[in-house]
Ligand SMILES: C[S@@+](CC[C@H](N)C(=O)[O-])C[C@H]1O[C@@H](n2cnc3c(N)ncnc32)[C@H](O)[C@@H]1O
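The chain that follows stands alone, in the form predicted on its own, written as structure tokens.
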Amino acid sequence: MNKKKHWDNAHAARQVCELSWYEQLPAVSLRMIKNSAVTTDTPLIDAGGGASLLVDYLLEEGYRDITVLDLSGVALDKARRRLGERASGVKWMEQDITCFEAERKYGLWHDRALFHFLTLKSDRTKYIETLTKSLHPGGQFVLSAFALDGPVKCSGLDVVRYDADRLQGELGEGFTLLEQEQVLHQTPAQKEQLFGFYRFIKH
């Protein structure tokens, strides 16, 4: 399967507000980022951010060093068009996370609903290696993924479901869990999906 084509088609076929993962207000992500106490000058990356509205809110909160990474150029184009002139204040990266080599260090890495699509152990290992290399010591990792009682598929693809222990097992001893919360997300089609949100710190 061509992953890039799959995600480009998914974003081209619907408006952002029609996609199952759409959040008009990414409240839990924003709260956990605020709880991390990173400054507005801290380099942040939203991995798999696509056309999410998180970047809009981060800009409104005054964060000045934001990178949005996604495999889908269609999703990134939608976000850039939505932001208009403000898009120039964001670094946009069209890359597969399993091939991503960060050129800098970040103080916070955010991922809502990317990691759970990595069904191959080798892809998860690459992701965690990149995450570990890309975060400063003391940097934080905010992750949202389907909970153990969440969906087994999304966008026609299999997913891996998690709780805190399962995530800790993937991340290893280099990260410590600081905060977690379960959220029942309602899709635009009025379906309920159980997510877990987690905030880790890198040693």
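Position 1 is the first residue in the sequence shown; the rest follow in order. The model shown is predicted, which means the values in this text are computed figures rather than measured ones.
Below, we turn to the form predicted in complex with the ligand, even though it does not appear here.
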>> Can you work out whether residue 198 and the ligand are in contact in the model of the complex, taking contact to mean some heavy atom pair no more than 4.5 Å apart?
In response: no
> Using 4.5 Å between non-hydrogen atoms, is residue 36 touching the ligand in the model of the complex?
Replying inline: no
> Quick one: is residue 109 in contact with the ligand in the model of the complex, heavy atoms, 4.5 Å cut-off?
Replying inline: no
> Taking the shortest heavy atom distance, is residue 69 within 4.5 Å of the ligand in the model of the complex?
Replying inline: yes
> Any idea which of 101 to 109, 128 to 136, 114 to 122, 80 to 88 reaches within 4.5 Å of the ligand in the model of the complex, heavy atoms considered?
Replying inline: 114 to 122
> Three residues, 3, 48 and 97; all within 4.5 Å of the ligand in the model of the complex via heavy atoms?
Replying inline: yes
